[in-house]
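Here we start with a single chain on its own, the form predicted on its own, put down as structure tokens.
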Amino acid sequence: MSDKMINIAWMYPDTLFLHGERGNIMALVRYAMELGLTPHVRRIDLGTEDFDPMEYDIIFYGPGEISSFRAVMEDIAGYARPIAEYIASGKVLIATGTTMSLFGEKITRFSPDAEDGRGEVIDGLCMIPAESFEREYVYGNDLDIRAEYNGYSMELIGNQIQMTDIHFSESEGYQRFGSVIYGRGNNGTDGIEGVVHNNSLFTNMLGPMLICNPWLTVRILRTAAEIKGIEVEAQDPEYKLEIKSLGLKKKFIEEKQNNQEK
């Protein structure tokens, strides 16, 4: 077995499968290899019995339908404490899109029959201090943020297809992942995008985010390797094409903003 092995758990790929976010797994594999690491990806499905979170260096949850959350929650109940210990230990967990809400305190579903629009409440995992409220209509747009991860500041551009408004207040140990430059972020009002707790990342950003923003992907991999005690000797890859793409996306967003102001 390679002493540079990075073990990646791909959680519920047949249930949390929206928006092509499996591309994040592809990005982790590609850039791990460029850094001289040996990535090993294992699919963890509903009913997998021998899943031990601490055996992994990166755990990835993609976005899914809220209607599937009860089945996912029932499965997670079998290892909820180990996953909380995994996050507390500083290891890397990534949750994208609507699945971010699953890790909060509760999700209130939208009900057209209720006077205030609020219906069934689903208890979350309570691993981040956030409450989510399902929207009547899905929001979709570009998302441009100034992000902070493991001491590094970077600009990230992706997109957002949001089914819940998320309300999160920063506190000790729980920081915003990014400040919104353009887009909605958690709820469209407070300028906050996502949550970072230790080295775990919960974000609305899609794209897939790790393909569009490889500087974040490399930082995540370096963080996971450092926690495991792996020395990464390789330099960061060149991002010439991705930086050019970022510039074109920014130009498109600026033109869109100008048109909206006219």
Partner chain sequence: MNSIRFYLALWISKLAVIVINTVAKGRGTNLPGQVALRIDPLFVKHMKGVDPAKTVFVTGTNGKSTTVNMLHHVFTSNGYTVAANLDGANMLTGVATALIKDSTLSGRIRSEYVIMETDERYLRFIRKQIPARQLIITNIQKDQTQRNGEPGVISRKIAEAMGPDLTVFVNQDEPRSYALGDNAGRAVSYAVKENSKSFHKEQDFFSVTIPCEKCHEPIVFHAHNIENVGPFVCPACGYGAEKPADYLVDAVDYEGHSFTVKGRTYPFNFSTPYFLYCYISVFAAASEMGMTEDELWHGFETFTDLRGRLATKHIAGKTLNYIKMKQENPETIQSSLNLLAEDPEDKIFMFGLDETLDYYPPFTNTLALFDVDFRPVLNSGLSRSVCMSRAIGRAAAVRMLYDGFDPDKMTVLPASYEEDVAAVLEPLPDKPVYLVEEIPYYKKPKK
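Residue numbers count along the first chain shown, from 1. Keep in mind that this is a model prediction, so the values were computed, not measured.
There is also a form predicted in complex with the partner chain; it is not shown, and the following applies to it.
For the three marked residues, Glu85, Gly90 and Val218, no heavy atom of any sits within 4.5 Å of the partner chain in the predicted bound form. Contact with the partner chain in the predicted bound form, defined as any heavy atom within 4.5 Å, is confined among 192-200, 227-235, 52-60, 205-213 to 205-213. In the predicted bound form, the partner chain stays beyond 4.5 Å of every heavy atom belonging to Gly117. Contact annotation for Val138: at least one heavy atom lies within 4.5 Å of the partner chain in the predicted bound form. Interface residue remark: Gln260 is counted as part of the site for the partner chain in the predicted bound form, having a heavy atom within 4.5 Å. With a 4.5 Å cutoff on heavy atoms, Thr108 does not count as touching the partner chain in the predicted bound form; it lies far away. Residues Leu18, His19, Gly20, Arg22, Gly23, Ile25, Met26, Ala27, Val29, Arg30, Tyr31, Val41, Arg42, Arg43, Leu46 of 18-47 are found to place at least one heavy atom within 4.5 Å of the partner chain in the predicted bound form.
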